[in-house]
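Below you'll find only one chain, the form predicted on its own, shown as structure tokens.
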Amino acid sequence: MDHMLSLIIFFPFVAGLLGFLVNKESIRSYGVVIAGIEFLLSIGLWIAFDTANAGYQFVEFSALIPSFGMSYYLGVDGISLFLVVLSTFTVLVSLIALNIDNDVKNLIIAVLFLEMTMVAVFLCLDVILFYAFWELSLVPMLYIIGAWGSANRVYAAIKFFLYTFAGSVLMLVGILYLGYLYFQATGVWSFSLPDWYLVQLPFNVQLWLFGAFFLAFAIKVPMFPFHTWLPYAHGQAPTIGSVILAAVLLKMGSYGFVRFSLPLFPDATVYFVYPIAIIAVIMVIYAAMVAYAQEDMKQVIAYSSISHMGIVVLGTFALNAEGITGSIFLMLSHGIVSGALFMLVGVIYDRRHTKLMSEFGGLATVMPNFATVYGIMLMASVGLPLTIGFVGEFLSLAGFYRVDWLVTMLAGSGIILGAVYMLSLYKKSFFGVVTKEENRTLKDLNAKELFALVPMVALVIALGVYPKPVLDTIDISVKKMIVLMEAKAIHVETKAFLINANSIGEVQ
């Protein structure tokens, strides 16, 4: 287990390189086997993980450039563990359901390279290393959208790249400046995140650095008004690109808030709680209303992702264990549910080559299995109790309710709006009579599609009924982070806010 994290990071990369030697007829099976092994490695990591330990586990450290404090530093805790599992699971089911014939070999290799970068982002504790993998993740996704997307794929790919890269440049400036501040405080260079946690920063410095990191994470989430790249990227990306983008890449931004912004800049975080909460509420309501106005199934789900991520942001900036734990669980649930919904849209698009709701109607009669799976995922998306979507949304909103009940009520209205646009989509597409002759002969889900979707349905129900094992593991690391925030805070008001937000009850 000494090099378990390195194995999980670099196994898909090495396998991707070897994939160039595999012939086209075998590359699909090869990709699924590699993704399956990677998923089993992440499950092994979960099994070996000590759920009673709030700190980093399976730590690997090796100095790379000692004079400048750069190192190969990996570790996993309850906050990052399940995001790693989500990444490997998403890639596996995406490759199982893959239905692209054009240059499929290069596509699968690109997905394996992308998997390496996503997993590495959640495991890196050296900030320079984190930044390197954060930026590297843009390259394979740029390639996936630009090479296998729809008619305007090149424009969508470039827009995706420019938005996310521009925000990341400012974060790099912040990273270098933080390294310099650590050098000033200690006399040695270090880009180790745990080392940075030990340094208190002046309030004005926190404000500027919080802004530098915030921009990069806000664009990745994406938060209003930086969201405009996402619907276009989803609209033009192939199904596998949309699934991975929604399920994992967006979570890199919300993970960044939890891992960097909150513990590094506690005073600035508290200072910006209400402005960020207002933006989150705008995300929830505005994106829900725009989703209702869409005629394209895929665009409805794309805007719904923005709305749900607004609740993730709200829970994160509740700054209590209930809200943050709920937001991390919501990252997982949104990853599974949105990934499945994009996959289902891909299924119907492969059969009809259209995503317009007006082209359908009566699908429940023609494709009953498809309609059943879609209905379950739709219910999870709107937060139906006993589904995975309810748990994270409830805890996120309950966490922020301690901070401000009015803001919470406004954000909670997004759940009602979500039910409106998702049920409207379902009614238009699945109920009524079949009016288009070409829809009468549509084939239901095949064995390959069921093999990818049934595990997602099982997770939606299982973790909706009994989320405790996942919540407990996340919660213990979140509480340790909150204690760190209280210890690092320099303002009495910040400490009072954190203590008050965490003073009533605990996550069960």
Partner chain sequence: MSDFISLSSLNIPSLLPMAILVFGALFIICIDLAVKNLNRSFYTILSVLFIVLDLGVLIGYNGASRGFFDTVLVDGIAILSQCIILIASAFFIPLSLSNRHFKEYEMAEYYALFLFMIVGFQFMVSSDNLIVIFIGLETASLSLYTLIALHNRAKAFEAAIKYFTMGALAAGFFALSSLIFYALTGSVEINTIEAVLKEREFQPLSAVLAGTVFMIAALGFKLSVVPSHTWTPDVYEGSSAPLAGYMSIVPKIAGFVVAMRFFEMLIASDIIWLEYILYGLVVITMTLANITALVQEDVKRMLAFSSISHAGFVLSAILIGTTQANAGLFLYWILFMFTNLGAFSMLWIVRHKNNLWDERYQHPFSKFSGMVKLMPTTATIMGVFMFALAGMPPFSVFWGKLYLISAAVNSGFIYLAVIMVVNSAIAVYYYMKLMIYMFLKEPVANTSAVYETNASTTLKVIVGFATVVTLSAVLFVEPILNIVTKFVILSGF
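Since we're looking at a predicted model, the values are computed, not measured. Numbering follows the first chain given and starts at 1.
A second form of this protein, the form predicted together with the partner chain, is not displayed here; the remarks below concern that form.
Chemist: Please determine whether each residue of 158, 166 and 176 possesses a non-hydrogen atom within 4.5 angstroms of the partner chain in the model of the complex.
Modeler: Every listed residue reaches the partner chain in the model of the complex, so yes.
Chemist: Considering the partner chain in the model of the complex, which of 272, 401, 189, 203 comes within 4.5 Å of it through any heavy atom?
Modeler: None of the others qualify; the residue that does is 189.
Chemist: Quick one: from 446, 441, 67, 26, grab the residue that has a heavy atom within 4.5 Å of the partner chain in the model of the complex.
Modeler: None of the others qualify; the residue that does is 67.
Chemist: Determine which one of 217 to 225, 166 to 174, 340 to 348, 318 to 326 lies within 4.5 Å of the partner chain in the model of the complex, judging by heavy atom distances; exactly one does.
Modeler: After filtering at 4.5 Å, what remains is 166 to 174.
Chemist: Though only this chain appears here, would residue 131 touch the partner chain in the model of the complex if you measure heavy atom gaps against 4.5 Å?
Modeler: Yes, residue 131 is a contact residue.
Chemist: Would residue 99 show up as a contact with the partner chain in the model of the complex if we use heavy atoms at 4.5 Å?
Modeler: The answer is no: residue 99 has no heavy atom within 4.5 Å of the partner chain.
Chemist: Determine whether any heavy atom of residue 135 comes within 4.5 Å of a heavy atom of the partner chain in the model of the complex, and answer yes or no.
Modeler: Yes - in the model of the complex, heavy atoms of residue 135 and the partner chain come within 4.5 Å of each other.
Chemist: Determine whether any heavy atom of residue 405 comes within 4.5 Å of a heavy atom of the partner chain in the model of the complex, and answer yes or no.
Modeler: Contact check for residue 405: no, nothing within 4.5 Å of the partner chain in the model of the complex.
Chemist: Within 4.5 Å of the partner chain in the model of the complex, counting any non-hydrogen atom, which residues from 81 to 111 show up?
Modeler: Going through 81 to 111 in order - heavy atoms within 4.5 Å of the partner chain in the model of the complex - the hits are 103, 106.
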